[in-house]
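Only one chain is shown below, in structure tokens, and it's the form predicted alone.
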């Protein structure tokens, strides 16, 4: 099986999101990620304007890590920004926030992740209106990112968190609506286990539109702590020709060091 490079989520700024696996002292966390043998750190960044980008790059390079992707979900979780809010000013702020990530993503050759920043359908808003706002926002963001060679990846998220794009088929339909070559999908095994009849078949359908890949087990703990068949899942991912990172986004249970260590040990066994 293809030996995918492995990364894990590291939050650059304080966050409440539980599955942002590493939080706190950035230098110490990056050192630990590198010591455990990861090839990269997926950086969760709420607002790049509040980040010393030169210092961030220095720390990442100091520990010999790549940055395959930048997560934007904290703008939703901490500030409530989204593409589908009834308030036009909130929608505009969400779009501008994604645009502000483009120079940082270009610098690290990273994918920009669109998770819950896409929003939910709030009271007084129809599903159709929310989808229209979502498509328009993604078209604007993709157009802003394209000249810098930056790609955007939307993550299908399970029905209990949003009704906007829950599975691969809905994600592929959205790609057609957006119509941008630099817009694709981030697939996450935790969400896929809830929404996809067959994780492997959905991976095959997504094919070349997979821009990034998250792993967490069925219980959202580290891979190997639940019942998912990662050997089959990752073999199928390899069959699609995917050449990117496999990135751990899971709960820091029973503690962050144990989870990160068990995850990479398990994934290496599966991949090797």
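Note that the coordinates shown come from a computational prediction; the quantities given were computed from them, not determined experimentally. Numbering follows the first chain given and starts at 1.
There is another form of this protein, the form predicted together with L-Erythrulose (LER), and it is not shown here; the text below is about that form.
- Although the partner is absent here, residue 116 is a contact residue: one of its heavy atoms lies within 4.5 angstroms of L-Erythrulose (LER) in the model of the complex.
- Using a 4.5 angstroms threshold between heavy atoms, residue 191 counts as touching L-Erythrulose (LER) in the model of the complex.
- Taking non-hydrogen atoms only, residue 157 approaches L-Erythrulose (LER) to within 4.5 angstroms in the model of the complex.
- Of the heavy atoms in residue 140, none are within 4.5 Å of L-Erythrulose (LER) in the model of the complex.
- Though L-Erythrulose (LER) is absent from this view, in the model of the complex it lies within 4.5 Å of a heavy atom of just one residue from 78, 161, 200, 96, which is 161.
- For the three marked residues, 85, 91 and 122, no heavy atom of any sits within 4.5 Å of L-Erythrulose (LER) in the model of the complex.
- Only one of 31 to 39, 237 to 245, 44 to 52, 214 to 222 lies within 4.5 Å of L-Erythrulose (LER) in the model of the complex by heavy atoms, and it is 214 to 222.
- Contacts between 244 to 264 and L-Erythrulose (LER), taken as any heavy atom within 4.5 Å in the model of the complex, involve only 249.
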